[in-house]
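Here you get one chain, nothing else, as structure tokens; it is the form predicted alone.
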Amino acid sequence: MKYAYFPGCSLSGTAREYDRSTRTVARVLGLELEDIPDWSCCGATSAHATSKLLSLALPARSLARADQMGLDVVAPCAACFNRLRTTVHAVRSDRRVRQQVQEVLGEDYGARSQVYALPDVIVNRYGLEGITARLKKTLGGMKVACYYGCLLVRPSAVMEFDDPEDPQTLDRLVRALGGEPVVWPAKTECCGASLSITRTRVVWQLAAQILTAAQKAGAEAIVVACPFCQSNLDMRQVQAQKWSGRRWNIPVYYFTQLLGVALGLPPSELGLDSHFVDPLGVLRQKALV
């Protein structure tokens, strides 16, 4: 199984641990990831808020190279997945949009390669049966709040990834790893994403609501598939505590990190040394590290 790999800007900067754990887990599973040559930023929310054509042309530049590779694309970042998948849908659906994008690029782009989210590739396309056959450890009943955020599953007609109100892909993975996914009401709420920089207090408030919901559900950890979600719930946890007056100490893992632990990989290969909230305490309690 082979995919064109679009790491995106976050996985090359602030979320290197997501990139590292993704590549390591893929290697162990035998999932081949080939970087798209000379890929560029998808524009994320900035381009989307500035110009519709720009928000399509930026992802299209990298997707045209994936077309040339003859491979479907996998994107670990939920924001990148959302923008790349939206571009494929727009170009396939509207001949005029396709022509406009090609004029900006100065090259042919036919949207032949489809784009998939990393959880979709690992859980649904690679499959839980292949994963469980390679497990070295189980999560020992760890209670996990699976947080999907707002970009991974919506708009559902375009993303075509799981139920937009009650997604289950990460829940199924956690259960297969020997954990216990908790039932909670905030799994698709927005964390504020890039407002973390421009309107930080908004993110404190949203993070407090999500962390409180996870705590009330009895979660020992939160698992995510998005660099924005991870940083807002992990890095902003102390500020959200000061703002709300509540207290949490909930580690926030990328799903590839928990999968890597269950595959028997050491924390040093999964980037577990770069979190703000201690990620090793719960793992030690479960005798996983």
Partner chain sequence: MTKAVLDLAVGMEPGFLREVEEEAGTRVSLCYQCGKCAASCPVSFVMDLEPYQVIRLVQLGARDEVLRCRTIWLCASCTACTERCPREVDVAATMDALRALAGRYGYRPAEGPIAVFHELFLDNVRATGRLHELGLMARYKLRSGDLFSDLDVGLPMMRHGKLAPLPHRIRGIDQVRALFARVRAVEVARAGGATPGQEAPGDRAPSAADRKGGEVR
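Treat the numbers as computed from the prediction; the structure is a model and nothing was measured. Numbering follows the first chain given and starts at 1.
Quick note: we don't show the form predicted together with its partner chain, though the next part is all about it.
Peer 1: Although the partner isn't part of this model, could you tell me whether His89 comes within 4.5 Å of its partner chain in the predicted complex, counting any heavy atom of the residue?
Peer 2: His89 lies outside the contact set for its partner chain.
Peer 1: Arg172 versus its partner chain, in the predicted complex: is there a non-hydrogen atom within 4.5 Å?
Peer 2: No, Arg172 stays farther than 4.5 Å from its partner chain in the predicted complex.
Peer 1: State yes or no: in the predicted complex, is some non-hydrogen atom of Cys9 no more than 4.5 angstroms from a non-hydrogen atom of its partner chain?
Peer 2: Flag for Cys9 set to yes.
Peer 1: Residue-level question: is Glu129 within 4.5 Å of its partner chain in the predicted complex, judged on heavy atoms?
Peer 2: No, Glu129 is distant from the partner.
Peer 1: Exactly one stretch in 236-244, 217-225, 260-268, 22-30 has heavy atoms within 4.5 Å of its partner chain in the predicted complex; which is it?
Peer 2: In short, 236-244.
Peer 1: Would you check whether its partner chain, in the predicted complex, lies within 4.5 angstroms of a non-hydrogen atom from each of Val121, Ala176 and Ala287?
Peer 2: No, the whole trio is out of contact, none within 4.5 Å by any heavy atom.
Peer 1: Taking its partner chain in the predicted complex, which residues along 264-289 bring a heavy atom to within 4.5 Å of it?
Peer 2: Residues within 4.5 Å: Asp273, Ser274, His275, Phe276.
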